[in-house]
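Shown below, as structure tokens, is a lone chain in the form predicted on its own; questions about how it binds or moves come after it.
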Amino acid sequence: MTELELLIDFHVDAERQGPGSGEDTLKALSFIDINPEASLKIADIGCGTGAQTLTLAQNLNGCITAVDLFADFLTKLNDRANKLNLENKITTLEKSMDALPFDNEEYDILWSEGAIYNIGFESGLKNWKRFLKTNGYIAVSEMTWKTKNRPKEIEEHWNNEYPEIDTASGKIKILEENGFSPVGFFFLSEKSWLDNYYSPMEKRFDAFLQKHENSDAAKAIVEGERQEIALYRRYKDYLSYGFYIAKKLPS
């Protein structure tokens, strides 16, 4: 297996491929002015196995296009949707988020939890904006500094991993400069990181290593995740995912 195939195998059976919770999804949704009678078109971009997709489908009237680059994740999402009788509300699409085949102003809501970093926050806003109806909403969670100043270790780590990391004020400025009006913001809680993402991940380490016969590649993935978890636990007061909800303004 390649490193990418191993990573997919490690994450495919997880409920989530990043920090979050159903409560976070609903909280973000609460900032959006929704007509309960309207049938909405929603795109969930970088959906993974779709924990948030299912929450949206259970709480919105309309159809969701769930987009991910990896077919294995979409297969899991389809299985979960079928079990919850939500298959008529969710359509999966295997595509890269920088090559979406959508029409201009096709969607009422664009959603992306913990995934826009793959093409960059500003690049994602610029690339996806045209797919959103005027006065439609975008909701994305994005790695964000919680403080102006940080310890050197965590500062250097995340500036290397994701140079676009910034404070909430910096991210909100980017939204405003790209034709969006912010309507809501909050940080994900420690529970969304530890209870919902990292603790379940740690429980998968031994089985994953055993499955792949303790190969060097598998051990490298586990070690990398362990280091990330340790960094989060040490520096959780300085960073989190920020959830940004904004309305597209008329041109």
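All residue numbers are counted from 1 along the displayed sequence. These numbers were taken from a predicted model, which means no experiment stands behind them.
The same protein also has a form predicted in complex with a small molecule, omitted here; what follows describes it.
Here the chain stands alone, but in the model of the complex its contact with the small molecule, taken as any heavy atom within 4.5 Å, falls in 65-73 among 222-230, 205-213, 178-186, 65-73. Site annotation in the model of the complex: the residue of 127, 118, 78, 167 reaching within 4.5 Å of the small molecule with a heavy atom is 118.
A heavy atom within 4.5 Å of the small molecule in the model of the complex is found for one listed residue only; from 95, 150, 133, 89, this is 95.
At a distance threshold of 4.5 angstroms between non-hydrogen atoms, residue 47 is in contact with the small molecule in the model of the complex.
Taking the partner from the other structure, the small molecule in the model of the complex has no heavy atom within 4.5 Å of any heavy atom of residue 240.
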